[in-house]
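As a starting point, one isolated chain is supplied in structure tokens, in the form predicted alone.
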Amino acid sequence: MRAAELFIEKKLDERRLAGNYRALKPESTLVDFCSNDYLGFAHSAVLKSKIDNEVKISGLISNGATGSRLLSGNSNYTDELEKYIALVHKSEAGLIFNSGYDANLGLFSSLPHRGDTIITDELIHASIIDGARLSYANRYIFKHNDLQGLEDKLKQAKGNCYVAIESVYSMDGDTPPIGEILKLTHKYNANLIVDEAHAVGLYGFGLIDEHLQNQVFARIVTFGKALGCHGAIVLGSNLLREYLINFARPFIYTTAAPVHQMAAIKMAYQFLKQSLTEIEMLRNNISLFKQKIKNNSTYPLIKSDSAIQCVVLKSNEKAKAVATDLQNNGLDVRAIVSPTVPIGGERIRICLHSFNTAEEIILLTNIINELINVG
């Protein structure tokens, strides 16, 4: 066996021994309590019909984009869609990327430079961490939602300073004190960037839209969660859009998404405007879950008002065992293990949806309550 293969085998064995080995699973037929499809858009026959009709009436017949947007892959349809989405979010401009990961990687790797500073919450998305690493900027991390910790780091900042948070955190489901964070960034002349990936849907078009509009420097909105599609957009000024077109490598050096993907995004935005019933059903299901779950002091429920609800089980083995029990009862709940979360923070992560029934949620909470009180 080659040295490289021995290295690979060793690293995989270490993962297995630590209990955090990852493997792809076949498509699930269980009751969905794990996907990001919070409003059921990804499987909506009504939305699919709207997308098919939009493709037909718009004459969008190409199968692929044929190249990057700076070469042959741009379209008038995509340009107009970016303007439409920016208008919806009350932003000056926006630039679409092929995924949320690409958007964060492109923004954070190209905008801050050596001598600048990036300050992030400790629970920020991995894509932001990876982008920040590529920037060569000074990087600081503050404890989750800790305003004093953030201010301490802001006092150390040099150059242009960028503070990155999520409006709903993907692994805890909670919301930071955005207004207070914004005050601190203004006080220290820093630029706030907010990832809205898990807020869009439950909170309309995002928490920033509802409360703070254009006071932040940039926002990232992904289309693969509640909107049920794929891709993402960076929202900000016209100047930021021009900069990213010129310097964001994940945008410059990749084939553009096909235009029928743009049609899906446009129709999902329009569909969300008409989906007040689904949003209300999701909120009701969140309330029902929180009423029925018992908050065990040994295995606590993380405080969250979003669709993401987590029970901390404090070990990979316990998290996997509880998830397996739930799956054996027909409920698709997944364990989130270290190193995705810190050691001691291993958990089951429950994603609630508008389409989950009251009976399914009661069954879910009954099983969890029994497992964490007995086990």
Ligand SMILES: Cc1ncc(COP(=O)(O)O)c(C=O)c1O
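The structure displayed is predicted, hence computed values, not measured ones. Don't overthink the numbering: it's just position in the shown sequence, from 1.
Keep in mind that the form predicted together with the named molecule is not shown, yet the notes after this line are about it.
Contact check for residue 176: every heavy atom lies farther than 4.5 Å from the named molecule in the model of the complex. Residue contact check for residue 197: one or more of its heavy atoms lie within 4.5 Å of the named molecule in the model of the complex. Within this chain, residue 101 lines the site of the named molecule in the model of the complex, having a heavy atom no more than 4.5 Å away.
Taking non-hydrogen atoms only, residue 89 never approaches the named molecule to within 4.5 angstroms in the model of the complex. Of the candidate stretches 133 to 141, 178 to 186, 165 to 173, 281 to 289, only 165 to 173 contains residues with a heavy atom within 4.5 Å of the named molecule in the model of the complex. Relative to the named molecule in the model of the complex, residues 125, 222 and 231 are all within 4.5 Å by at least one heavy atom.
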